[in-house]
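Single chain ahead, written as structure tokens, the form predicted on its own.
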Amino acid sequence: MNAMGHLQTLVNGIVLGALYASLAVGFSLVWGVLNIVNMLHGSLIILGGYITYFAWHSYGIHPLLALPAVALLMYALGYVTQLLVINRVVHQPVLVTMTLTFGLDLILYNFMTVYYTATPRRVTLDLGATSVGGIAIPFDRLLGMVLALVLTGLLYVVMRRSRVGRAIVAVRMDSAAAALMGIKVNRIYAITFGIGALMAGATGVIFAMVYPVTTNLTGIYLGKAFVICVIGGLGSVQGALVGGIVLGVIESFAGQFVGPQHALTVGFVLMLFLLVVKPTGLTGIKGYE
């Protein structure tokens, strides 16, 4: 492969990495703040993609118009799930909450498989492609990258500048002290889980415009979220962004040199390596901003 081929692979990896950052940032938020390994995350992404697909094909609703509605719907679903179900065991050992979300994931997975079937579905927009200096970029992937970066950036602003964001940080640092300061901890837990579901659903909308979505991918997306959190560092927007870009670039080059069927394996090997030599991830940031 020549230099131009390597540059094309690098650009492909960066575009993919931006999507991965959006995929993982909600998972990282829930894990970092609630100490919950949300096994439901992959299914929430696919649910967002399915809603987008059927809104487009059944009612002609453009994915860009569906995005805010899907995001709000997923936020409400996550908020209610955390408030009514998960909050009841949120202070139990992590194995309990992980098992609970695993059970919820099985319910949602089976519902989607029965109702939508596992047939891969995609919103085909036929936007064409552009070429910059000999580097070809499909417009749908370029649009997906921009949307993913905007969503990730908005979450960063919310966490840094809003009262809700500061309350989430306070609860994450010391929930007992936050309660003494008048913060309703259970409500913040519900908001945090809702934001995680919102990011998952919005990412599903983006993915439906770029790749086929199917329930067979729920485990793969959950696994990628794990890898990205370990690579970039758990509990920060920067960590999810760095981890997503690194995984995207590595998978892109691994697909070229060892075959796309081994790209995911290479990512997991990197995760295991970092767990041994640098458990805090590449950014080395502990805790949410």
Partner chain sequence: MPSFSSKFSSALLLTAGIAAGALTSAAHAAEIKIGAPLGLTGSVADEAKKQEVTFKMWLNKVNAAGGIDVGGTKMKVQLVQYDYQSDGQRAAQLAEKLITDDKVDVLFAPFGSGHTKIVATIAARYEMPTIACAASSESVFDQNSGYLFGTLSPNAALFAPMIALFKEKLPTLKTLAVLGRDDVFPKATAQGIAAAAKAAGLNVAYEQLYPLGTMDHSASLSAIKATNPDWIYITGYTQDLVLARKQMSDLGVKAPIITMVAGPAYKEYVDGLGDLANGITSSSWWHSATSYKGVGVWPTTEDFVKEFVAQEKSDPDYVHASCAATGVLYQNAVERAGSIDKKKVRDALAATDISTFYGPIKFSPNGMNQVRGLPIIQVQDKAIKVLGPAEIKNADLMLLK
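Numbering follows the first chain given and starts at 1. Note that this is a predicted model, so its numbers are computed, not measured.
The following text describes the form predicted in complex with the partner chain, which does not appear among the structures shown.
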{"query": "Contact residue in the predicted complex, chosen from 55, 67, 264, 37 - any heavy atom within 4.5 Å of the partner chain", "finding": "264"}
{"query": "Every residue of 119, 141 and 252 near the partner chain in the predicted complex, heavy atom within 4.5 Å", "finding": "yes"}
{"query": "Listed range touching the partner chain, judged in the predicted complex by heavy atoms within 4.5 Å, from 168-176, 190-198, 69-77, 105-113", "finding": "105-113"}
{"query": "The partner chain contact in the predicted complex: residue 283, any heavy atom under 4.5 Å", "finding": "no"}
{"query": "Non-hydrogen atom contact residue 221 with the partner chain in the predicted complex at 4.5 angstroms", "finding": "yes"}
{"query": "Residue 89, heavy atom within 4.5 angstroms of the partner chain in the predicted complex", "finding": "no"}
{"query": "4.5 Å heavy atom contact, residue 128 to the partner chain in the predicted complex", "finding": "yes"}
